[in-house]
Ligand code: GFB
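Okay, so here's just one chain, in structure tokens, the form predicted on its own.
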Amino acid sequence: MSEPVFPLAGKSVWVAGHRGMVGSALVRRLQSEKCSVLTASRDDADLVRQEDVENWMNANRPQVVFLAAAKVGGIHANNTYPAQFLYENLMIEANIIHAAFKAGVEKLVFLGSTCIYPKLAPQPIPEEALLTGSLEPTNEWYAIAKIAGIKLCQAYRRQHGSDFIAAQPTNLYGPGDNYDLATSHVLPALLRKAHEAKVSGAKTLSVWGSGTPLREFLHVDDLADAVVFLAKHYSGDRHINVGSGEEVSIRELAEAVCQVVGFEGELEFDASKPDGTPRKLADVSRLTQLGWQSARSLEEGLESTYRELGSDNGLPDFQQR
């Protein structure tokens, strides 16, 4: 691997959103980079308020920013709270990116999502597919905000020469995930439902949709490694996809989850529930060419994720095997 073009050693690094799933993974990963990690709680700065963000940035003067702060959720949450998803995400990213420019931040990495791409994008989805078609309606509010974040990074780079880059992760899972069935994504929801079905002795497990959509999943610690890699090795206008490069159907995912959890009942697919995008696989060839690829298989990631549950996920009845 080539030497980094932007070493992090000795830098002051702010992880915005450090309490979230991605932010906490970045904090873990940065421990080996010999940098000083900064974090800000809501008491320190409300990221939706421009004045709070600029005051905190001026007081702490980070040299590097990982922008992982966001309001996130699954299909149900996006459908139920569209105004919050659009407004809060727009404000968070605009405030931090603008404040980073004003404070002379040397490097900023914006974390988006592969939901930015059109619903019927070519597969695997190349970065060039952005803005070439209509979005998936069930998450368009979040997607539009994330597209704006990418464009902000590009705009500050073009107008001011700011070294701001954007990475677009695929579906994530792992430590710090959200297991609230009303707001979670498909993988953590299946883990919880399968565990509770096993504990209760249920004979069946209900899965949203037809089971046919294809999805790609990446362990959050692999994402953190990729994002740190990009901060050190990439400086460019184009956003970069980050994923495993592998896909499974929702049926195959549910079967894998049941095997890991030890639930031996039958799967029942509720076709009255939305499927979302029929297929979503990111083209990660640019990231691979830069010299990074994911470290663990889905099976390994599910095993470790389930093993680690039960101590600090806030669900006392969702315990380790």
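Model, not experiment: these values are computed from the prediction. Sequential numbering from 1, following the sequence displayed.
Keep in mind the form predicted together with this ligand is missing from the figure; the text below concerns it.
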| property | result |
| --- | --- |
| In the model of the complex, the one of 189, 105, 148, 91 near this ligand [non-hydrogen atom within 4.5 angstroms] | 189 |
| Residue among 118, 245, 213, 126 with a heavy atom within 4.5 Å of this ligand in the model of the complex | 213 |
| Which of 96-104, 229-237, 127-135, 205-213 lines the interface with this ligand in the model of the complex (heavy atom within 4.5 Å) | 205-213 |
| Contact test, all of 21, 176 and 307, partner this ligand in the model of the complex, heavy atom 4.5 Å | no |
| Proximity of residue 195 to this ligand in the model of the complex, heavy atoms at 4.5 Å | no |
| Contact test in the model of the complex: residue 220 vs this ligand, heavy atoms, 4.5 Å | no |
| Residue 168: touches this ligand in the model of the complex, heavy atom cutoff 4.5 angstroms | no |
| Heavy atom of residue 75 within 4.5 Å of this ligand in the model of the complex | yes |
| Residues in 172-187 close to this ligand in the model of the complex, defined by a heavy atom within 4.5 Å, in order | 184, 185, 186 |
